[in-house]
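Here's a solo chain for you in structure tokens, the form predicted alone.
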Amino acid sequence: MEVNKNNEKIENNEVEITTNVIQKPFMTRKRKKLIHDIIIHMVLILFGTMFIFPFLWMLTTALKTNSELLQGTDVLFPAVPQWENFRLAIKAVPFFLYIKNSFILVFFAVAGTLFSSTLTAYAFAKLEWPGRDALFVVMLATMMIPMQVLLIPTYIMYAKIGWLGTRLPLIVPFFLGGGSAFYIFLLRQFFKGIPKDLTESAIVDGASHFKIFIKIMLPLTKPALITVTLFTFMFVWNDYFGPLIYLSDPDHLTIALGLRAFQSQYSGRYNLMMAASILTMLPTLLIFFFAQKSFIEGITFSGIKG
């Protein structure tokens, strides 16, 4: 009996030692992972603070009084936030007219880009035709041509057809594939990631390519479409050069030109300038904030699938 008890004690000790040996490395790995996550989050918070600091500086400056502005960096935060500065900035120039004009251009630019880029990308990704790959390389090569190189010939062309002073030079090119070769490349990568079995089975069932494009491709490419929409919105909303060259009617000025006009009139009122700048960038921030999940999905999926 004593021998059996001794054997049981030895076995129990061996089990405890084995359990401790197994648990100790596990706890060590868990602790290392926790430390690694803490470091990563601290670095991300640091970089996030660095990136958000300019916006916070703009906001605090927009809420200061004129006397607080004269004190410079001695006053970092306003004693009493002056929300009235935003109302004064809006009343200083026809702000809502500029916003309306920008939204008009954004609407047609987004519609034209989605129309031309999706059709072109589908043709490059799913249709077989002679010279497809060579033409795709040529199209990508156009991304290396600076816009300033094409400015003079396009300006002469628009002048001869009577489009100068109108919104047409800022709208029509988007419907003709003039949005960007990058959008076509992005959507092509997304289309190529969709299995061929879907299109082949649809063709066997008698569906045309246009029906496949509308019923199958577009619903599956929602993240990529949102990504293209965001890029186009930000480009057109912040575009200063195009409206400056082609628009001459004051009633057609966009928010970028309006902000420049505001700066020239109120160059010394930094609080009003910062208030106007925040109002200008607010639509872009809101749209990106609510659509960032689809934006990241579109970029990630398009980059992985080739």
Partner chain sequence: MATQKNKALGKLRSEERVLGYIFASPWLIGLIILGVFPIALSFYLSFTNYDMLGAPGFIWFTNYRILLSNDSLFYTALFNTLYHVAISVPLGLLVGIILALLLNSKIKGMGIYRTIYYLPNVVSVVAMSLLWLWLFQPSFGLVNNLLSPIYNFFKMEPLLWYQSSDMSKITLILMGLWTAGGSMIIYLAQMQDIPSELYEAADIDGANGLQKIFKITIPLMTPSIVFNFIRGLIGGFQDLTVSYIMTKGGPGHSTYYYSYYLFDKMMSDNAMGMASAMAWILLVITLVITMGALSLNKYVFYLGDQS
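Positions refer to the first chain, counted from 1. None of the values given here were measured: they were computed from a predicted structure. Think of the rigid core as the biggest set of C-alphas that the two forms share within 1.5 Å after superposition.
Keep in mind that the form predicted together with its partner chain is missing from the display, and what follows is about it.
(request) Report the stretch among 218-226, 101-109, 115-123, 86-94 that approaches its partner chain in the predicted complex to within 4.5 Å, counting heavy atoms only. (result) Of the stretches listed, the one contacting the partner is 115-123.
(message) Please tell me whether any heavy atom belonging to residue 130 falls inside 4.5 Å of a heavy atom of its partner chain, as the geometry stands in the predicted complex.
(response) Within the cut-off, so yes.
(request) Using a 4.5 Å heavy atom cut-off, state whether residue 249 contacts its partner chain in the predicted complex. (result) No - in the predicted complex, heavy atoms of residue 249 and its partner chain never come within 4.5 Å of each other.
(message) Taking any heavy atom pair closer than or equal to 4.5 Å as contact, tell me whether residue 290 reaches its partner chain in the predicted complex.
(response) Although its partner chain is absent here, residue 290 would stay clear of it in the predicted complex, with no heavy atoms inside 4.5 Å.
(request) Answer for residue 35 alone: is it within 4.5 Å of its partner chain in the predicted complex, judged on heavy atom distances? (result) Contact check for residue 35: no, nothing within 4.5 Å of its partner chain in the predicted complex.
(request) Could you check which residue among 138, 168, 79, 198 gets a heavy atom within 4.5 Å of its partner chain in the predicted complex? (result) After the contact test, the surviving option is 138.
(message) Using a 4.5 Å cut-off on any heavy atom, which residues of 246-276 would contact its partner chain in the predicted complex?
(response) Those in contact are 256, 259, 260, 263, 270, 273, 274.
(request) Would you say whether residue 249 is displaced between this form and the one not shown, judging by a C-alpha shift of 2 Å or more on the superposed rigid core? (result) False for residue 249: its C-alpha shift is below 2 Å.
(request) Answer yes if the CA of residue 52 moves 2 Å or more between this form and the one not shown after aligning the rigid core, and no otherwise. (result) Shift at residue 52: below 2 Å after core fit.
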